[in-house]
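Just one chain is shown here, as structure tokens, and it is the form predicted on its own.
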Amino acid sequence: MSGEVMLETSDLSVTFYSQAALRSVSLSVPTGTVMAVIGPSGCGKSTLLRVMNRLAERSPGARITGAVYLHGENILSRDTDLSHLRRRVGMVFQQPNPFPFSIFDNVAYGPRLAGERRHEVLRDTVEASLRQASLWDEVRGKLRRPALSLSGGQQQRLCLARALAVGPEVLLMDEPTASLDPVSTARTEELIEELKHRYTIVLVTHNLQQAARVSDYTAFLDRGILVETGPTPVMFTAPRESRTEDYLTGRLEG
């Protein structure tokens, strides 16, 4: 992989009560790219994302070894400020999870938590974030309405706007279209293509066609092991490993 590395794991292993979820995973994500993470169910994809913003350690029985570097800084260090880290590394989950607040207050939540109180700054941040999430035109006159009144696709874009409002460097997206209809899925994929010019994105997806459409690089995990990684066009047309080819062609169950 060429270019500056934004996010990197080194010999990363994760166990939950002695059950291995990740085994010595070393992976580099170049700045300003989309890295798709694919693999069968239970292979460790979501665990990998949750380690990248220190959520995995909150699970019972979790033990994590190795390192995760953000711009060369090991974020697994005990000295890491977790609230600051989660502003730098935002996350969008499979199921939309808006807070039971207004649309405005959902997006303003992170900046307020960081200490911003000036209404004009919050207003501008909310508008800019909703625009980036391609939601502003749909809600501009409804910012005081409950976020839960939005459709599922709108709620997912609201959660994306909430993540963007704190100015992250990295976006982690855990199957963000799994619960969406085809129209909302297509819109989210268009957003990913636009956002990669501002952010580095790590996308977990079960949809191989989606990985092929939106990602620059792909990483294939199987049983917690990083089998292969490389440029997406190469991975999908000429994988090096037979296990990768078996998964991509359906001979290895997903």
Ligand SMILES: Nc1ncnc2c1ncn2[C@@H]1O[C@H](COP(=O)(O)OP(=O)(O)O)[C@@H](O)[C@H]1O
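For clarity, every value in this text was computed on a predicted model and none was experimentally measured. A residue's number is simply how far along the shown sequence it sits, counting from 1.
The next section is about a form of this same protein that is not shown, the form predicted in complex with the ligand.
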| query | finding |
| --- | --- |
| Contact flag, S59 vs the ligand in the model of the complex, heavy atom cut 4.5 Å | yes |
| S46: touches the ligand in the model of the complex, heavy atom cutoff 4.5 angstroms | yes |
| Partner contact for Q209 in the model of the complex: the ligand, 4.5 angstroms, heavy atom | no |
| In the model of the complex, G42 touching the ligand (heavy atom, 4.5 Å) | yes |
| Which of 46-54, 185-193, 66-74, 27-35 sits within 4.5 Å of the ligand in the model of the complex, heavy atom basis | 46-54 |
